[in-house]
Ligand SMILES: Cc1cc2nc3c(=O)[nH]c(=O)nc-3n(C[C@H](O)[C@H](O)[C@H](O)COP(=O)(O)OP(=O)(O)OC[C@H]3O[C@@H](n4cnc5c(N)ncnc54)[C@H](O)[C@@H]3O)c2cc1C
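The chain below stands alone, shown as structure tokens; this is the form predicted alone.
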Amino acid sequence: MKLVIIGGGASGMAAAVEAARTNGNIDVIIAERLDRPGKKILATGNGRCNFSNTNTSTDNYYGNDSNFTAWCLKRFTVNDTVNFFNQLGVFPKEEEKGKLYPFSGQASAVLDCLRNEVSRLGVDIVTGFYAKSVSIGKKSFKIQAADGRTLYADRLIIAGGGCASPALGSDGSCFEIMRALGHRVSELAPALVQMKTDPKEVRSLQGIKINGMLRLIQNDRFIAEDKGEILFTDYGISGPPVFQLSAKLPFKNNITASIDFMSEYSPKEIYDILEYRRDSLSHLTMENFFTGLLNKRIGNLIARRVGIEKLSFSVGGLDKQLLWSIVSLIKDYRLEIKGTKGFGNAQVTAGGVLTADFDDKTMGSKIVKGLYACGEVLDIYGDCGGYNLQWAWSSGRLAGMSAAESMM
């Protein structure tokens, strides 16, 4: 009997390994669109592969029903993932906020170990196979590729990902396959991605990096916050807090980013600092007032925002009202979010095939017998920090095990 897995990414390879281990009497085939499987893994964690997170819980996931993840994450836990990769040769290293990386610091180590195990288990990998359609026969699935090649399967796992990073293999084509098989697909949006603002608001700050607090606000209502390195670009903002908070963006409108440039200090403390600088640097102009405190270009922009149009304005002329206005902008510098950099730059897809059509205990379809799905193709995505790969490993292994057991 044959099990075909469409997609050779993280969840697809995990599914293949678990299926082959569960049932040695079946043929397991990975149908991969690119010239080799796992390319997206190499891009994760800035090339170091943040493969899981010790803090993983259902609270880290989003979708129409994020609790769909509960059983899967309980069946294949973070500890299971650590042991799984340790057995394959990947020694783990825990870093800040529970992030887990291979000790070698190489994403290629995770991929190489997966490939070695897939090879050891005799899993067949068919590359360059761009699955375009799936039809259902009396007892099998017929998978047709764009180039005319055909595969047949007794069980089928869809692990072809979403729309994020299409250059690395996932272009959303699996959503069309799932729709054709009778499954519903929710609205889609890029997540874990850079944010766009009005270019005029950030053009003068391009290339500047600051450590600050980033908050998201919707119609003056606080949504979430994260602290870390924020990068100003020609299109908007980037950096770890931006990627983290972008998980909250999909399907929301009227979002504003608020940056706190001096999150370690209270407004009153900053006022005292500015008042002291005014008194001790009264011989300077505003062009140099922020030097040594904030990046000069940020300081100049703040000065203009409070109404000081000419940087030749004397520091000694800063009255109480102006100082408090500057404090307000240092603690709450707002940028209207105009969108994101899109699927081409996103790490994951928000939305996907509705989990209501699947059994959370097996990852099997409630609509098509013998069909399973895992990973990003489903309407589940997680926070930045290893959570999406943990979902890929857990859901992939559960799908692989369940499909293999059904053929015993």
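Treat the numbers as computed from the prediction; the structure is a model and nothing was measured. When you see a residue number, it is the position in the sequence shown, counting from 1.
Here the subject shifts to the form predicted in complex with the named molecule, a form of this protein not shown in this document.
Triplet Gly160, Ser170 and Glu376 all within 4.5 Å of the named molecule in the predicted bound form via a heavy atom: Every residue of the candidate spot has a heavy atom within 4.5 Å of the named molecule in the predicted bound form.
Candidate stretches 110-118, 234-242, 170-178, 214-222, one within 4.5 Å of the named molecule in the predicted bound form by heavy atom: Checking each option against the 4.5 Å cut-off leaves 170-178.
Heavy atom within 4.5 Å of the named molecule in the predicted bound form - the one residue of Phe84, Phe76, Phe129, Phe141 that qualifies: Exactly one listed residue reaches within 4.5 Å, namely Phe129.
Selected contact from Val353, Val28, Leu371, Ala346, since only one has a non-hydrogen atom within 4.5 angstroms of the named molecule in the predicted bound form: The option sitting close enough to the partner is Ala346.
Non-hydrogen atom contact Ile6 with the named molecule in the predicted bound form at 4.5 angstroms: Contact check for Ile6: yes, within 4.5 Å of the named molecule in the predicted bound form.
Residue contact check: Gly63 to the named molecule in the predicted bound form, 4.5 Å heavy atom: So Gly63 does not count as contacting the named molecule.
Residue contact check: Gly45 to the named molecule in the predicted bound form, 4.5 Å heavy atom: Yes, Gly45 sits close enough to the named molecule in the predicted bound form that at least one of its heavy atoms falls within 4.5 Å.
The named molecule contact in the predicted bound form: Asn388, any heavy atom under 4.5 Å: Yes, Asn388 lies within 4.5 Å of the named molecule in the predicted bound form.
Heavy atom within 4.5 Å of the named molecule in the predicted bound form - qualifying residues of 4-36: Residues within 4.5 Å: Ile6, Gly7, Gly8, Gly9, Ala10, Ser11, Gly12, Ala31, Glu32, Arg33, Leu34.
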